[in-house]
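Here we start with a single chain on its own, the form predicted on its own, put down as structure tokens.
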Amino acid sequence: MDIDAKIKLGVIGCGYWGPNLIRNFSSLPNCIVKTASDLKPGRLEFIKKDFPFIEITGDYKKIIEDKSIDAVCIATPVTTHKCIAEEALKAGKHVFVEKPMTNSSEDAVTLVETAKKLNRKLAVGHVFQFAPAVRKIKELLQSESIGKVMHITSTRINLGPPETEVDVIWDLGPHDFSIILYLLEEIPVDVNCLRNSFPFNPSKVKGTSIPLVNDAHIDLKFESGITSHIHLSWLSSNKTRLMQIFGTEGTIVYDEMLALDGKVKLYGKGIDNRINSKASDTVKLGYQAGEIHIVPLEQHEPLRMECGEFINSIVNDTKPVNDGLIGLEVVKLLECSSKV
């Protein structure tokens, strides 16, 4: 494709996240957002007010059938992802679909295979792969700044929605799974999950009285020997986004809730003279933390970089970092974590 070409894009779904996608795709020099679609007239009026240059429609099929549109971005409920994405791929369009890619690994496999067969790009909205903190942590791990990784813990907590189509695992889990897969470049060989449906602040399946899992502890084990523990919860208004990566020579602490200049800290190995101490030692035994370094991070909007990655993959015929394969692996982990 001509490197100076502008990719024409249609956005399907203009709810909470859709306007952010429209804003970022529109800001790219090699992308034109032509049409936006949503079932709710009010959402379309909102989009037209903020983005008067965009055509609007209540029928997403008009985007699918528009031969001038090269790619579509799908930000609809997960239960609709497979159907819409497959229609778009078969219509010859490249597809960016929000996380999770589908609500089953079987459907995810179908999309991956369809995209490959038709030579179309398929990307999934795992935006944390583009976060400055996560990208810097990957650099630190590749340079073995903390030696060999042994264990990763992650805590992701906030109040859950009163009515939803998915539980806490499918709502919050894609973030942690995509980050860990991106950092380690390795797929877990074992997944275990402890799930709870506590009555406090209950979340229910939309339109029913069925309680959803609102607290989950997920353990991952990798062939390399690395282990991970992920805690997902809707039980507290104390929003928490904390990841710790323990290595043989130090620890990385990533707190997404802090300001950019404090999100990532690198802790040295520390000193512990209790190890191999002898009965004849006359010094005071104890341990102390190693040096603490605040890691500087570049400034950029992760979502804009993610949108740019998708458009550039089309223009330059390259593989996006957040391609359908990592989207498939995330869906597999969500399924494994949800098994009774």
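The numbering used is simple: start at 1 and walk along the sequence shown. The shown structure was predicted, so the numbers you read here are calculated from the model rather than taken from an experiment.
Below, we turn to the form predicted in complex with a small molecule, even though it does not appear here.
- Stretch-level contact analysis of 104-112, 69-77, 141-149, 250-258 against the small molecule in the predicted complex, using heavy atoms and a 4.5 Å limit, identifies 69-77.
- Contact check at 4.5 Å (heavy atoms) against the small molecule in the predicted complex: none of Ala131, Pro302 and Asn322 pass.
- The small molecule is not drawn, but in the predicted complex it has no heavy atom within 4.5 Å of Leu328.
- Of the heavy atoms in Gly13, some are within 4.5 Å of the small molecule in the predicted complex.
- The closest heavy atom approach of Val264 to the small molecule in the predicted complex falls outside 4.5 Å.
- Shown alone here, Ile294 lies farther than 4.5 Å from the small molecule in the predicted complex, counting heavy atoms only.
- Of the listed positions (Val213, Ile245, Leu89, Val127), a single one reaches within 4.5 angstroms of the small molecule by any non-hydrogen atom in the predicted complex, namely Val127.
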